[in-house]
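Below sits a lone chain in C-alpha coordinates, taken as the form predicted on its own.
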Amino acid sequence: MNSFTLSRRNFFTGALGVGALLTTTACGSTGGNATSKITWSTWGTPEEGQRFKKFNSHFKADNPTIAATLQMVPSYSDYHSKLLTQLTSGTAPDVFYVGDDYIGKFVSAGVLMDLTPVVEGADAKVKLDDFNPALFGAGRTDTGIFALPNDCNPDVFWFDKKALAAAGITENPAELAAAGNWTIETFLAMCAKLAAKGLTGAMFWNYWSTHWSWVAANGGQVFNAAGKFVLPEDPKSVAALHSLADAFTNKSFTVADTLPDGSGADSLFVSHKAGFYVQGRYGIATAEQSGTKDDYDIAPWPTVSGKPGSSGVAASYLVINAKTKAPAAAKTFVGEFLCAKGQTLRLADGGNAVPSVKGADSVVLEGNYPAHAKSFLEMTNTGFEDFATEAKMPGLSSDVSTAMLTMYQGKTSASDTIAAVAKLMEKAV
(Lines give C-alpha, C1' and ligand atoms only; values in the text may rest on other atoms or scores of the structure.)
Protein backbone atom coordinates (compact mmCIF):
# COMPACT_ATOMS: atom_id res chain seq x y z
CA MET A 1 0.00 0.00 0.00
CA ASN A 2 1.19 3.46 -0.77
CA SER A 3 1.73 6.03 1.89
CA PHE A 4 -1.46 6.78 3.77
CA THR A 5 0.21 9.80 5.29
CA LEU A 6 -0.37 11.50 1.99
CA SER A 7 -3.82 10.02 1.58
CA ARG A 8 -5.21 11.05 4.94
CA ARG A 9 -3.70 14.54 4.73
CA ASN A 10 -5.75 15.18 1.62
CA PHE A 11 -8.76 13.15 2.62
CA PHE A 12 -11.46 15.76 2.35
CA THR A 13 -10.85 16.62 -1.26
CA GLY A 14 -10.87 12.98 -2.25
CA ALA A 15 -14.61 12.57 -2.79
CA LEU A 16 -14.59 14.67 -5.97
CA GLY A 17 -16.24 12.96 -8.88
CA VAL A 18 -17.80 10.01 -7.11
CA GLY A 19 -21.26 11.02 -8.15
CA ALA A 20 -20.11 11.12 -11.74
CA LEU A 21 -18.91 7.55 -11.48
CA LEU A 22 -22.24 6.32 -10.18
CA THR A 23 -24.22 8.05 -12.87
CA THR A 24 -21.93 7.20 -15.75
CA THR A 25 -20.99 3.83 -17.06
CA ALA A 26 -17.40 3.15 -18.03
CA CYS A 27 -17.11 3.91 -21.71
CA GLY A 28 -14.15 1.79 -22.58
CA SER A 29 -10.55 1.17 -21.70
CA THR A 30 -7.07 1.56 -22.81
CA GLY A 31 -4.51 -1.18 -22.64
CA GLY A 32 -2.66 -1.25 -25.92
CA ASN A 33 -3.25 -4.25 -28.19
CA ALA A 34 -5.59 -7.03 -27.23
CA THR A 35 -3.06 -9.62 -26.23
CA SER A 36 0.11 -8.34 -24.60
CA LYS A 37 0.04 -4.67 -23.58
CA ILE A 38 -1.53 -3.35 -20.41
CA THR A 39 -1.32 -0.17 -18.39
CA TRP A 40 -1.64 -0.05 -14.64
CA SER A 41 -1.99 2.86 -12.30
CA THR A 42 -1.45 3.77 -8.67
CA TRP A 43 -0.59 6.74 -6.48
CA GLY A 44 2.57 7.26 -4.47
CA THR A 45 5.82 9.02 -3.87
CA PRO A 46 8.87 8.82 -6.17
CA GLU A 47 10.45 6.40 -3.69
CA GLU A 48 7.43 4.13 -3.92
CA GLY A 49 7.58 4.46 -7.68
CA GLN A 50 11.04 2.92 -7.64
CA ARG A 51 9.67 -0.18 -5.95
CA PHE A 52 6.96 -0.50 -8.61
CA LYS A 53 9.50 -0.09 -11.39
CA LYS A 54 11.52 -2.88 -9.78
CA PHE A 55 8.42 -5.07 -9.81
CA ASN A 56 7.77 -4.21 -13.46
CA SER A 57 11.30 -5.35 -14.35
CA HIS A 58 10.81 -8.70 -12.64
CA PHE A 59 7.36 -9.09 -14.22
CA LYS A 60 8.80 -8.46 -17.68
CA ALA A 61 11.53 -11.04 -17.09
CA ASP A 62 8.99 -13.68 -16.03
CA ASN A 63 6.38 -12.70 -18.65
CA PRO A 64 8.26 -11.50 -21.75
CA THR A 65 5.11 -11.47 -23.91
CA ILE A 66 3.36 -8.88 -21.70
CA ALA A 67 4.34 -5.21 -21.64
CA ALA A 68 3.06 -3.55 -18.45
CA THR A 69 3.28 0.26 -18.39
CA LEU A 70 3.03 2.09 -15.05
CA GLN A 71 1.09 5.36 -14.69
CA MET A 72 1.99 6.99 -11.35
CA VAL A 73 -0.13 9.77 -9.79
CA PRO A 74 1.70 11.59 -6.96
CA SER A 75 -1.33 12.67 -4.93
CA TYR A 76 -3.89 10.32 -3.45
CA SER A 77 -6.57 13.03 -3.52
CA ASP A 78 -5.94 13.63 -7.23
CA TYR A 79 -5.70 9.94 -8.05
CA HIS A 80 -9.35 8.88 -7.86
CA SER A 81 -10.74 11.97 -9.57
CA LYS A 82 -8.33 11.38 -12.47
CA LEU A 83 -9.35 7.73 -12.58
CA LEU A 84 -13.02 8.64 -12.69
CA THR A 85 -12.37 10.96 -15.62
CA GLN A 86 -10.48 8.20 -17.40
CA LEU A 87 -13.30 5.71 -16.82
CA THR A 88 -15.80 8.19 -18.19
CA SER A 89 -13.72 8.88 -21.30
CA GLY A 90 -12.80 5.26 -21.94
CA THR A 91 -9.10 5.82 -21.29
CA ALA A 92 -8.77 4.17 -17.89
CA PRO A 93 -5.90 1.74 -17.23
CA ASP A 94 -6.45 -2.00 -17.51
CA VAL A 95 -5.38 -2.56 -13.90
CA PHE A 96 -5.46 0.02 -11.12
CA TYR A 97 -5.29 0.63 -7.40
CA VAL A 98 -8.34 1.80 -5.43
CA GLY A 99 -8.24 3.11 -1.85
CA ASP A 100 -10.31 1.43 0.85
CA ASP A 101 -12.47 4.55 1.23
CA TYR A 102 -13.45 4.33 -2.46
CA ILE A 103 -13.64 0.62 -3.20
CA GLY A 104 -17.30 0.20 -2.30
CA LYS A 105 -18.24 2.97 -4.71
CA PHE A 106 -16.29 1.46 -7.60
CA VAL A 107 -17.79 -1.98 -6.94
CA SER A 108 -21.32 -0.54 -6.82
CA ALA A 109 -20.72 1.31 -10.09
CA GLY A 110 -20.15 -1.98 -11.93
CA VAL A 111 -16.91 -0.90 -13.62
CA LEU A 112 -14.73 -3.71 -12.24
CA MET A 113 -14.10 -7.25 -13.43
CA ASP A 114 -14.93 -10.21 -11.18
CA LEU A 115 -11.52 -11.45 -10.02
CA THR A 116 -12.70 -14.85 -8.81
CA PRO A 117 -10.93 -16.60 -11.75
CA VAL A 118 -7.64 -14.95 -10.68
CA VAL A 119 -7.66 -16.71 -7.30
CA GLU A 120 -9.20 -20.03 -8.31
CA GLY A 121 -7.89 -22.92 -10.39
CA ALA A 122 -4.74 -25.02 -10.44
CA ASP A 123 -2.72 -22.36 -12.28
CA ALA A 124 -3.62 -19.44 -9.99
CA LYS A 125 -0.51 -17.59 -8.79
CA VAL A 126 -2.32 -16.60 -5.60
CA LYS A 127 -5.19 -18.47 -4.00
CA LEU A 128 -8.19 -17.01 -2.24
CA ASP A 129 -7.21 -18.85 0.94
CA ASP A 130 -3.82 -17.11 0.88
CA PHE A 131 -5.46 -13.77 1.76
CA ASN A 132 -6.37 -12.51 5.18
CA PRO A 133 -10.20 -12.64 4.87
CA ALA A 134 -10.61 -9.61 7.14
CA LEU A 135 -9.07 -7.37 4.46
CA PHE A 136 -11.65 -7.76 1.69
CA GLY A 137 -14.04 -5.16 3.08
CA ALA A 138 -16.48 -3.89 0.45
CA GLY A 139 -14.44 -5.45 -2.38
CA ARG A 140 -16.19 -8.79 -1.98
CA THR A 141 -19.95 -9.14 -2.46
CA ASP A 142 -22.48 -11.93 -2.86
CA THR A 143 -21.95 -11.76 -6.61
CA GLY A 144 -18.16 -11.89 -6.83
CA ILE A 145 -14.70 -10.72 -5.77
CA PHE A 146 -14.14 -7.37 -7.45
CA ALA A 147 -11.03 -6.23 -5.57
CA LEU A 148 -8.07 -7.97 -3.99
CA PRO A 149 -6.02 -6.34 -1.20
CA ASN A 150 -2.52 -5.37 -2.40
CA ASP A 151 -1.14 -5.27 1.12
CA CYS A 152 -2.22 -3.45 4.25
CA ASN A 153 -1.28 -1.24 7.18
CA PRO A 154 -2.55 -1.79 10.71
CA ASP A 155 -2.69 1.53 12.53
CA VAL A 156 -0.11 0.98 15.27
CA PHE A 157 0.97 3.30 18.07
CA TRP A 158 4.46 4.48 17.17
CA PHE A 159 5.97 5.90 20.34
CA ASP A 160 9.02 8.04 21.02
CA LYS A 161 11.03 6.74 23.98
CA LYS A 162 12.91 10.03 24.28
CA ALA A 163 9.69 12.10 24.47
CA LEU A 164 8.19 9.71 27.03
CA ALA A 165 11.33 9.98 29.16
CA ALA A 166 11.20 13.78 28.95
CA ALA A 167 7.69 13.60 30.44
CA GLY A 168 8.91 11.39 33.28
CA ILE A 169 7.35 8.22 31.86
CA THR A 170 9.44 5.16 32.65
CA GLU A 171 7.15 2.41 31.39
CA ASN A 172 7.50 1.03 27.85
CA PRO A 173 4.10 0.72 26.05
CA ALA A 174 5.24 -2.28 23.98
CA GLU A 175 6.39 -4.14 27.07
CA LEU A 176 3.16 -3.26 28.85
CA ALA A 177 1.21 -4.67 25.90
CA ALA A 178 3.25 -7.88 25.90
CA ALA A 179 2.43 -8.30 29.60
CA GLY A 180 -1.31 -7.62 29.05
CA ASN A 181 -1.12 -4.32 30.93
CA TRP A 182 -1.43 -1.76 28.11
CA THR A 183 -4.64 -0.13 29.31
CA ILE A 184 -6.49 2.95 28.11
CA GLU A 185 -6.17 4.38 31.60
CA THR A 186 -2.37 4.07 31.44
CA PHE A 187 -2.25 5.50 27.92
CA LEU A 188 -4.37 8.54 28.81
CA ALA A 189 -2.23 9.15 31.90
CA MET A 190 0.89 9.12 29.70
CA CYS A 191 -0.68 11.61 27.28
CA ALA A 192 -1.61 13.89 30.18
CA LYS A 193 2.00 13.85 31.39
CA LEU A 194 3.25 14.64 27.89
CA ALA A 195 0.81 17.55 27.59
CA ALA A 196 1.84 18.86 31.00
CA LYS A 197 5.42 19.08 29.72
CA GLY A 198 4.32 21.05 26.67
CA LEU A 199 4.58 18.03 24.37
CA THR A 200 1.91 16.57 22.10
CA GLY A 201 0.38 13.44 23.60
CA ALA A 202 -0.85 11.47 20.60
CA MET A 203 -1.38 12.35 16.92
CA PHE A 204 -4.13 10.66 14.89
CA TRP A 205 -5.20 10.89 11.24
CA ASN A 206 -8.89 11.71 10.94
CA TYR A 207 -10.46 8.73 9.22
CA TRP A 208 -12.57 5.66 9.90
CA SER A 209 -9.81 3.69 11.59
CA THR A 210 -9.23 6.36 14.23
CA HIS A 211 -12.90 6.71 15.21
CA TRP A 212 -13.83 3.06 15.16
CA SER A 213 -10.59 1.66 16.60
CA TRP A 214 -11.09 3.86 19.65
CA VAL A 215 -14.65 2.55 20.03
CA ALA A 216 -13.44 -1.04 19.70
CA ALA A 217 -10.58 -0.45 22.16
CA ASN A 218 -13.15 0.69 24.69
CA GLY A 219 -15.24 -2.45 24.20
CA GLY A 220 -17.90 -0.77 22.07
CA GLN A 221 -19.60 -1.75 18.83
CA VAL A 222 -20.00 0.35 15.66
CA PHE A 223 -22.05 -1.91 13.36
CA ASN A 224 -23.82 -5.17 14.19
CA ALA A 225 -23.47 -8.37 12.18
CA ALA A 226 -26.28 -7.27 9.87
CA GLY A 227 -24.46 -4.04 9.02
CA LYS A 228 -26.69 -1.74 11.07
CA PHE A 229 -25.04 1.29 12.73
CA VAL A 230 -25.61 0.50 16.41
CA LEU A 231 -23.07 2.82 18.05
CA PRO A 232 -25.72 5.25 19.43
CA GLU A 233 -27.47 2.36 21.20
CA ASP A 234 -24.35 0.97 22.88
CA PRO A 235 -23.41 2.69 26.17
CA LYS A 236 -19.74 1.63 25.84
CA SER A 237 -19.55 3.12 22.35
CA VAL A 238 -21.17 6.38 23.42
CA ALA A 239 -18.79 6.64 26.38
CA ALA A 240 -15.86 5.98 24.02
CA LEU A 241 -16.85 8.88 21.74
CA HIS A 242 -17.18 11.18 24.75
CA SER A 243 -13.71 10.23 26.02
CA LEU A 244 -12.28 10.67 22.51
CA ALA A 245 -13.79 14.16 22.29
CA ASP A 246 -12.43 15.03 25.73
CA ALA A 247 -8.90 13.94 24.82
CA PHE A 248 -8.87 16.15 21.71
CA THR A 249 -10.38 19.18 23.42
CA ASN A 250 -8.00 18.97 26.40
CA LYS A 251 -5.08 18.83 23.92
CA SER A 252 -3.92 15.34 24.91
CA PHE A 253 -4.70 14.24 21.33
CA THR A 254 -4.07 16.14 18.09
CA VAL A 255 -5.54 15.75 14.58
CA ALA A 256 -2.52 15.23 12.34
CA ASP A 257 -4.43 16.39 9.24
CA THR A 258 -4.88 19.96 10.51
CA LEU A 259 -1.37 20.69 11.76
CA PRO A 260 0.20 23.67 9.96
CA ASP A 261 2.78 23.32 7.21
CA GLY A 262 6.25 23.31 8.67
CA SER A 263 5.00 21.90 11.97
CA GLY A 264 3.31 18.79 10.72
CA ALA A 265 3.02 15.45 12.46
CA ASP A 266 6.21 14.05 10.94
CA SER A 267 8.18 17.11 12.04
CA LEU A 268 6.84 16.94 15.60
CA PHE A 269 7.62 13.25 15.86
CA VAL A 270 11.17 13.30 14.52
CA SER A 271 12.00 16.30 16.73
CA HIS A 272 10.83 14.42 19.85
CA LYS A 273 7.91 16.78 20.51
CA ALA A 274 5.19 14.13 20.52
CA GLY A 275 4.81 10.92 22.48
CA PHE A 276 2.63 8.84 20.12
CA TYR A 277 1.93 8.89 16.38
CA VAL A 278 -0.72 6.50 15.07
CA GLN A 279 0.10 5.24 11.59
CA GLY A 280 1.22 2.15 9.71
CA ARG A 281 4.48 0.48 8.73
CA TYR A 282 5.38 3.54 6.64
CA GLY A 283 6.30 5.05 10.02
CA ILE A 284 9.68 3.40 9.52
CA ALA A 285 10.55 6.15 7.06
CA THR A 286 9.44 8.80 9.55
CA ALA A 287 11.57 7.30 12.32
CA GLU A 288 14.57 7.13 10.01
CA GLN A 289 14.23 10.86 9.31
CA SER A 290 15.08 11.52 12.96
CA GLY A 291 18.54 9.99 12.57
CA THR A 292 17.93 8.07 15.80
CA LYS A 293 15.40 5.47 14.75
CA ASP A 294 16.10 3.28 17.78
CA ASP A 295 14.35 5.93 19.88
CA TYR A 296 11.10 4.66 18.36
CA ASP A 297 9.08 1.47 18.74
CA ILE A 298 5.46 0.37 18.25
CA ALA A 299 2.62 -0.87 20.43
CA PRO A 300 -0.95 -1.96 19.68
CA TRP A 301 -3.99 0.07 20.64
CA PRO A 302 -4.52 0.13 24.41
CA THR A 303 -7.70 -1.50 25.70
CA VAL A 304 -9.83 -1.42 28.83
CA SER A 305 -8.47 -4.80 29.97
CA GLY A 306 -4.89 -4.19 28.86
CA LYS A 307 -4.91 -7.22 26.57
CA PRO A 308 -4.53 -6.53 22.82
CA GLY A 309 -7.83 -6.24 20.95
CA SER A 310 -9.05 -5.57 17.42
CA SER A 311 -8.26 -2.31 15.60
CA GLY A 312 -8.39 -0.80 12.14
CA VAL A 313 -6.26 -2.09 9.26
CA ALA A 314 -6.09 0.20 6.23
CA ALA A 315 -5.80 -1.43 2.83
CA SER A 316 -5.62 -0.60 -0.84
CA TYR A 317 -6.96 -2.81 -3.60
CA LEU A 318 -5.94 -3.98 -7.04
CA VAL A 319 -8.76 -4.23 -9.58
CA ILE A 320 -9.22 -4.88 -13.30
CA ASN A 321 -11.14 -2.52 -15.54
CA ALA A 322 -14.26 -4.43 -16.71
CA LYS A 323 -13.70 -2.97 -20.19
CA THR A 324 -10.07 -4.00 -20.55
CA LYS A 325 -9.10 -5.22 -24.00
CA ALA A 326 -6.41 -7.47 -22.56
CA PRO A 327 -8.16 -9.52 -19.83
CA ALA A 328 -5.74 -12.45 -19.87
CA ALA A 329 -2.66 -10.25 -19.51
CA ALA A 330 -4.39 -8.19 -16.80
CA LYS A 331 -5.23 -11.31 -14.81
CA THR A 332 -1.65 -12.56 -15.12
CA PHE A 333 -0.37 -9.21 -13.85
CA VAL A 334 -2.74 -9.18 -10.86
CA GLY A 335 -1.76 -12.73 -9.89
CA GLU A 336 1.96 -11.95 -10.08
CA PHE A 337 1.55 -8.63 -8.23
CA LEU A 338 -0.36 -10.13 -5.31
CA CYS A 339 1.35 -13.50 -4.81
CA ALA A 340 3.86 -13.90 -1.99
CA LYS A 341 6.78 -13.40 -4.38
CA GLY A 342 5.30 -10.18 -5.76
CA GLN A 343 4.51 -8.74 -2.35
CA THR A 344 7.98 -9.63 -1.09
CA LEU A 345 9.51 -7.78 -4.03
CA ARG A 346 7.47 -4.67 -3.25
CA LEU A 347 7.70 -4.66 0.54
CA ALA A 348 11.20 -5.89 1.43
CA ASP A 349 14.04 -3.68 2.67
CA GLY A 350 12.04 -1.35 4.91
CA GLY A 351 8.90 -1.31 2.79
CA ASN A 352 5.89 0.71 3.76
CA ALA A 353 3.21 -1.93 4.29
CA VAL A 354 2.39 -5.42 5.56
CA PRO A 355 1.67 -8.30 3.15
CA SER A 356 -1.96 -9.32 2.62
CA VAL A 357 -1.16 -12.97 1.88
CA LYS A 358 0.50 -15.91 3.59
CA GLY A 359 4.14 -16.61 2.85
CA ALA A 360 5.53 -13.07 2.82
CA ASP A 361 5.54 -12.24 6.54
CA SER A 362 9.34 -12.36 6.74
CA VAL A 363 9.57 -8.92 5.08
CA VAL A 364 8.01 -7.39 8.19
CA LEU A 365 10.47 -9.02 10.59
CA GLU A 366 13.63 -8.45 8.55
CA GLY A 367 16.19 -6.21 10.20
CA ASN A 368 14.42 -6.58 13.56
CA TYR A 369 13.02 -3.06 13.19
CA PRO A 370 11.13 -1.73 14.96
CA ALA A 371 11.88 -3.87 17.99
CA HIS A 372 8.29 -5.05 18.27
CA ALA A 373 7.66 -5.39 14.51
CA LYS A 374 5.79 -8.61 15.21
CA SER A 375 2.89 -6.40 16.35
CA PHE A 376 2.30 -5.44 12.69
CA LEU A 377 1.47 -9.07 11.92
CA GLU A 378 -0.52 -9.71 15.08
CA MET A 379 -2.63 -6.58 14.58
CA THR A 380 -3.27 -7.46 10.94
CA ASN A 381 -4.47 -10.92 11.93
CA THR A 382 -6.90 -9.58 14.53
CA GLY A 383 -7.89 -6.28 12.87
CA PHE A 384 -10.79 -5.07 10.76
CA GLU A 385 -11.16 -3.17 7.48
CA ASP A 386 -13.49 -0.25 6.89
CA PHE A 387 -17.01 -1.57 7.44
CA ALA A 388 -18.72 -2.46 4.18
CA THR A 389 -21.90 -0.60 5.16
CA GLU A 390 -19.94 2.64 5.37
CA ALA A 391 -17.49 1.99 2.55
CA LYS A 392 -20.08 1.24 -0.10
CA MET A 393 -21.85 4.61 0.15
CA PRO A 394 -20.28 7.40 -1.97
CA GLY A 395 -18.81 10.15 0.21
CA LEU A 396 -20.13 8.68 3.46
CA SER A 397 -16.78 7.91 5.06
CA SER A 398 -15.49 11.42 4.34
CA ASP A 399 -18.76 12.95 5.58
CA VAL A 400 -18.37 11.04 8.85
CA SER A 401 -14.80 12.27 9.19
CA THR A 402 -15.96 15.85 8.57
CA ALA A 403 -18.48 15.49 11.39
CA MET A 404 -15.85 13.96 13.64
CA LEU A 405 -13.43 16.80 12.95
CA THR A 406 -15.84 19.37 14.35
CA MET A 407 -15.98 17.28 17.53
CA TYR A 408 -12.19 16.97 17.66
CA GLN A 409 -11.94 20.73 17.30
CA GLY A 410 -14.42 21.30 20.16
CA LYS A 411 -17.00 22.89 17.86
CA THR A 412 -19.67 20.26 18.54
CA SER A 413 -20.39 18.01 21.51
CA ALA A 414 -19.94 14.25 21.43
CA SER A 415 -23.71 13.77 21.77
CA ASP A 416 -24.48 16.08 18.84
CA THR A 417 -21.76 14.41 16.76
CA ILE A 418 -23.16 10.95 17.42
CA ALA A 419 -26.59 12.15 16.36
CA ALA A 420 -25.14 13.75 13.21
CA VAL A 421 -23.19 10.60 12.29
CA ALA A 422 -26.26 8.44 12.90
CA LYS A 423 -28.18 10.61 10.47
CA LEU A 424 -25.41 10.21 7.89
CA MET A 425 -25.43 6.45 8.39
CA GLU A 426 -29.12 6.31 7.58
CA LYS A 427 -28.03 6.87 3.97
CA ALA A 428 -26.31 3.51 3.98
CA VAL A 429 -29.35 1.47 5.04
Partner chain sequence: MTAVLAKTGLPGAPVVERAEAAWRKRDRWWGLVFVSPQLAGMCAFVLLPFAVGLVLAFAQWDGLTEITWVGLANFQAQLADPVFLRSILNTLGLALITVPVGLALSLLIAVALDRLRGRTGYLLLYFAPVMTSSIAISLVWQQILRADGPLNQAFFRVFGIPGPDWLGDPHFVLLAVSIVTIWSSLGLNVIIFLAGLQGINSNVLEAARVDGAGSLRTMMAIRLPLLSPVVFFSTVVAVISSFQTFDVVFVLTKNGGPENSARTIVYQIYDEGFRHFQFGMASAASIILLVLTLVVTAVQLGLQRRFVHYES
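Computed from a predicted model, the values in this text were never measured in an experiment. Residue numbers count along the first chain shown, from 1.
What comes next is about the form predicted together with the partner chain, which is not displayed.
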Partner-contacting position among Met393, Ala403, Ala67, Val364 - heavy atom within 4.5 Å of the partner chain in the predicted bound form: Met393
Position in contact with the partner chain when the complex is considered in the predicted bound form, options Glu288, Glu185, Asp246, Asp78, heavy atoms within 4.5 Å: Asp78
Contact stretch among 327 to 335, 107 to 115, 296 to 304, 171 to 179 - heavy atom within 4.5 Å of the partner chain in the predicted bound form: 107 to 115
4.5 Å heavy atom contact, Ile320 and the partner chain in the predicted bound form: no
Close approach of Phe204 to the partner chain in the predicted bound form, 4.5 Å, heavy atom: no
Touches the partner chain in the predicted bound form: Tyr102 (any heavy atom, 4.5 Å): yes
In the predicted bound form, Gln71 touching the partner chain (heavy atom, 4.5 Å): no
In the predicted bound form, residues of 405 to 424 near the partner chain [heavy atom within 4.5 Å]: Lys411
